[in-house]
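Let's start with one chain on its own, the form predicted alone, as structure tokens.
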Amino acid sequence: MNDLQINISIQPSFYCKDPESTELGRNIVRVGIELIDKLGYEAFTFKKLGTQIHSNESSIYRYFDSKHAFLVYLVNWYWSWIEYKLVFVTTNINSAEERLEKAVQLLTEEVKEDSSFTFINEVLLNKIIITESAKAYYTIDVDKENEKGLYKSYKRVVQRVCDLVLEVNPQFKYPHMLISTIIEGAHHQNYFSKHLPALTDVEEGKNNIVEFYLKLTKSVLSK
């Protein structure tokens, strides 16, 4: 997987100009991720990004019409990447239980950088998803943006894993609630482990988050 250069296709509604189409666009995304990780979303501005990439602020607006649009793009890129990895790790596995286990592990494990995408640091992007991605959809315009399809990539990932849940237990009534809870819960536990350790049971050097959600999934789905 890491020996190939894979393209993640993001629909045009997420940008004014495809950032992957130019060196400047790829630089905007790469440095933008680094800057949001360093400053936080609230303090991040296109002016600061322009200074970092030695370009006019106006040049960034040719790619994204706002920093909210930029965050939504990053969120969708991330979940499209997770979907690609999800398909990869579950292909050619006959057991539905094993496919679900692989999926839950992927959704809850520590993210490692993927050399298939040279201009994206997936480790930093994962940190942004954990700390900032809720700001992409906790907005007054969420319903309008949802109608435009701005959250499709996240919903596709959830649906793919829900389908696996129903393969394991067709009578289970709450697949979407289960999978969205696993994803968001794992993000919270990851954040707590680094900043509010009294709220979690994560031990350094152990895969406690993965182990917990695998056990939770098996327990909930047991017939």
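Source: prediction; values computed, not measured. A residue's number is simply how far along the shown sequence it sits, counting from 1.
There is another form of this protein, the form predicted together with the DNA, and it is not shown here; the text below is about that form.
With the partner omitted here, the stretch from 188-196, 162-170, 46-54, 175-183 that lies within 4.5 Å of the DNA by heavy atoms in the model of the complex is 46-54. The closest heavy atom approach of K17 to the DNA in the model of the complex falls within 4.5 Å. At a distance threshold of 4.5 angstroms between non-hydrogen atoms, Y63 is in contact with the DNA in the model of the complex.
In the model of the complex, the DNA lies farther than 4.5 Å from every heavy atom of S13. N207 falls outside the set of residues with a heavy atom inside 4.5 Å of the DNA in the model of the complex.
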